[in-house]
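One chain comes next, on its own, written as structure tokens: the form predicted on its own.
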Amino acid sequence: MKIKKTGYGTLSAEQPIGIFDSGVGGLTFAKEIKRLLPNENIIYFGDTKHLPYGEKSREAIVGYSKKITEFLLEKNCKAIVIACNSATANALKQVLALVDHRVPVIDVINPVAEKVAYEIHSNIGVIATKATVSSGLYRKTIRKHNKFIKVDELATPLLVPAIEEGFRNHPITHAIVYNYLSNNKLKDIDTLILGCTHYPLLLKEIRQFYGNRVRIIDSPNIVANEVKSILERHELLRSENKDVSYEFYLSDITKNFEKISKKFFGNSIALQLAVL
């Protein structure tokens, strides 16, 4: 095993990438990381017992995020991806303090906000959970890099429960999506950021609503490229794809998570219960 001394400490390319979310949403990012970095081992934690994070208090989100981070550090992860917008918006500082430069931490808001800020956009819409919208982090971060972009954020709290209950491509979800996207806040947007990792699972319905009128930002691809860039910079990319492993831990095993994870990662995966 080749050990590298990095700015984050002594790490090996053989160590896994840790990814966490409140439920199935983070799988959209894990899937893209798997596609872009097929040699990498991945450990995923879904806090299905406490979802949706978007409806929880900031204190609760911080507590859950810190416990999961400790779990992933104990699993010897070489990087941690906070694949949850609500956790990023409310607990990023606390997670960074806990990690204390031992491994890189990649969130799902800052890479996306920075990238769109330097592209050609004039009016960006963000749909997200209440916790993410309340933080205003997308608007603040985008406008920190480009003060000329207009950013409108809309809380869309019914989408995560609908997805977690398995109502994808269902009349109920179609109705919810249509109702939210018809809101006046999103009336004049030219770009839409899906500010919750669950929402790419509804990409078909969202594209049906907008057609080609609005550009939908591919957040999983942006974040996966950020992960690749950071690991590459520190010479931590795994070079061989033999014996690649994907481990999935859940605080509560659900049929919907099992269905989507097997669709993304294959039928051979096993879900493990982890009590934090």
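Numbering starts at 1 and runs along the sequence shown. For clarity, every value in this text was computed on a predicted model and none was experimentally measured.
Another form, the form predicted together with a small molecule, is not on view; read the next lines as being about it.
Partner contact for P220 in the model of the complex: the small molecule, 4.5 angstroms, heavy atom:
Flag for P220 set to no.
Spell out, yes or no, whether the shortest heavy atom distance between C196 and the small molecule in the model of the complex is within 4.5 Å.
Although the small molecule is absent here, C196 would touch it in the model of the complex, with heavy atoms inside 4.5 Å.
Just to confirm, V160 within 4.5 Å of the small molecule in the model of the complex by heavy atoms?
V160: yes, in contact with the small molecule in the model of the complex.
Check F45 for me: does it contact the small molecule in the model of the complex (non-hydrogen atoms, 4.5 angstroms)?
Output for F45 is no: heavy atoms all beyond 4.5 Å of the small molecule.
Where does the small molecule sit in the model of the complex: which of 144 to 152, 165 to 173, 117 to 125, 196 to 204, heavy atoms within 4.5 Å?
This holds for exactly one stretch, 196 to 204.
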